[in-house]
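Before any questions on how it binds or moves, here is one chain, the form predicted on its own, in C-alpha cells.
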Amino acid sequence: MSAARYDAIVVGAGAGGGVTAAILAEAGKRVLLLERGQDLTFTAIGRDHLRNQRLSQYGNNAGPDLDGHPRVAVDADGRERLVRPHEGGYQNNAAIVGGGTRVYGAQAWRFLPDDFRMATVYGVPTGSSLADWPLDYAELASHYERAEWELGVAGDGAASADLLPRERDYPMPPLPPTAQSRVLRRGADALGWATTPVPLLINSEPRDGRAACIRCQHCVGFACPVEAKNGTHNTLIPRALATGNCDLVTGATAARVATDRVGRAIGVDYFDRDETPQEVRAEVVILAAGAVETARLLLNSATTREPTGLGNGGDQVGRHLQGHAYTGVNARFAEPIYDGLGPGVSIATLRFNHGNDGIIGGGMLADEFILLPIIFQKRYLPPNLPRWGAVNKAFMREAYRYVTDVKGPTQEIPHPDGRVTLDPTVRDRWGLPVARFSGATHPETVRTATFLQDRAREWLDAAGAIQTWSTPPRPRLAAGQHQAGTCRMGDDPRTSVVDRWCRVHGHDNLFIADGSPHVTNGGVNPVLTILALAYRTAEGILRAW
C-alpha cells in the first residue's frame, strides 16, 4: 500500500507523465505515479498480428481491457453507439506503463514555427476555433533538444535545418534507408522536392546500455524485443524509480481530482487493482492521462464551486478535440519495393506543411511502416479487387512486395464542437460516467487532406508507380494515439483551460502534461511536442515550488 501523502501525484505513466515524474523525483520531490494499465512484459504484449495497437479490430495488446471501459460515439446524424477499446471510433491510446511510447512507431518530429501561430498566418476560418499558441517555437526549442537527447532520437538535423532551426543535431544518425525509400527518393529528386530521413525515437546504434534496432517486422503496434525503441518506460520512468522518491502504482484508475473547500486541488481519489477506493493527497497534481481521459477526469471532478468540471468555467474542457486526419495513396510498382526491413518508414518531405497556395496549413508525407500481411489485406487492396477467393490470393502473393504508399498526418483545423463530454447514462466498471464523442473536424481539414493526397499521388507517379489508388478524405472526428486539444493552452480562461505553463486556470497547483494543451496539433506526429512541453511544465513547477 502506497503512502497517503506526497509532494506530487502524476496521473498517467505515458509520455508526459513519465517525464514529469522523473524531473520532479530527481529534484527530490516525493512523487506518486498512477497508471491504470499494467507494466507488461514483452511476452505479455506479444506479436499477435490480429490483436495489436496497429490493428485492433479483433482485440488489442496494450490495453485497456475490452470489457468495463466503454465509450459512446455520436455520428453527424446524432446516432449514438457504444464502442469498446478495440472498435473504430473509440480513439484508443495504449493503457500501459509507457503509454503509447511502448508500442508507437516513434516518429520524433518537432512542430514547425508556423504551427504555433496558425491563426496569425492563415486567419480564422468561419466556424473553426483556430488560434495561436501563447508560446512560440523558440520557447520550446531547448526542451525539444532535451527530449531528443535524453530519450534518444536518430535522425539528420541538417536535412530539415531550413525549416526547423536547431542548436544541436540528433544524438544518433538515422536508421539505414529501405528499398522503398530509395525508389521514393528517385521520385522526389525528379520533382525537385527536398526530403529528410524520418527522425525516430529508436536506437540506430547501441545507447544507454540498450541495443540498436535489429530491423524486425514488428515495430509500430508492438513492443521492441531488444528495447531499442525509446519511450518513457525504458528511459524517464526508470530514472524516476531509481531516485527512491517515486512510487509507481499500476492498475490504478483515477476517479476524481480531490479539492478542498476553497477549490484547491489536494490529491486524487482512485480505484486500485482490486477495485478498492483509495485516497492520496499531495501539494501538486499533474494530469497526464491523454487528451480524452484527462478531459473526462476534470469533468468527473465537478464540485459545488465548479459544477461543470474543474477548469471548465469557460466551457472549454473537452472541446477542440484533434488527432490527425491521415491521407495518402497506395501504389504498385513494376519492381520489388518492399524489403521487409523495419521499422519501414524512412523518408519524408516537409515541403507541404505550410506555404500551399489557397490551403490552410498542410502536413508531412512519408513512406509507411512495415506492412504485416493482414494489414496489407485489409487496407491496401485496390478497390475493385475481390476481398476473398483465388483472385485475392493471387494478388496477395504476387503484389505484396511491389506495393507501398505515401501518407501523412494533416494539420487539423480545430472545431469547437469536436469534443469530449460525459455520457449521461453509460458508466464504466467503477460506475464513473464515460467519455462521449461528438462533432467532426472542420471542412478546411478535408480540403487540406485532399491537397496532400494529390501531392502523394504526384510523388508516387514520379517514382515510377504503374498503378495508384486511394480513398477520398471525408469529415470525421479523429483522435486516437495522436489525441490532443481538449484542454487547450491560452492566456484567457474564457477561451482556454490551462495557461502557458500548462497550469489549469483558477488552480495554482493543478497541471496537465499530455497532448490536451495543444492549441493545434501540427502537421507531424505530436509525441516530441508532448515530451518537450512536459519538460517545460515540470521545470516551471519546480521554479514555483
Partner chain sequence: MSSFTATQEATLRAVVDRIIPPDDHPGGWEAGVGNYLTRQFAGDLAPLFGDYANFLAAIDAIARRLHGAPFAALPTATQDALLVQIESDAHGDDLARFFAVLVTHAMEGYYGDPGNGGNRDAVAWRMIGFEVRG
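Numbering follows the first chain given and starts at 1. Small disclaimer: the values here were computed from a predicted structure and weren't measured.
In what follows, reference is made to the form predicted together with its partner chain, a form of this protein that is not presented.
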query	finding
Its partner chain in the model of the complex: contacting segment from 193-201, 450-458, 270-278, 399-407, heavy atom within 4.5 Å	399-407
Option touching its partner chain, based on a heavy atom within 4.5 Å in the model of the complex, out of Arg264, Lys378, Arg207, Arg182	Lys378
Listed residue that, although its partner chain is not shown, lies within 4.5 Å of it in the model of the complex (heavy atoms), from Lys29, His505, Arg51, His69	Arg51
Close approach of Ala390 to its partner chain in the model of the complex, 4.5 Å, heavy atom	yes
4.5 Å heavy atom contact, Gln217 and its partner chain in the model of the complex	yes
is_contact(Ile374, its partner chain) in the model of the complex, heavy atom dist at most 4.5 Å	yes
Contact test in the model of the complex: Trp469 vs its partner chain, heavy atoms, 4.5 Å	no
Within 330-358, the residues that have a heavy atom no more than 4.5 Å from its partner chain in the model of the complex	Tyr338, Asp339, Gly340, Leu341
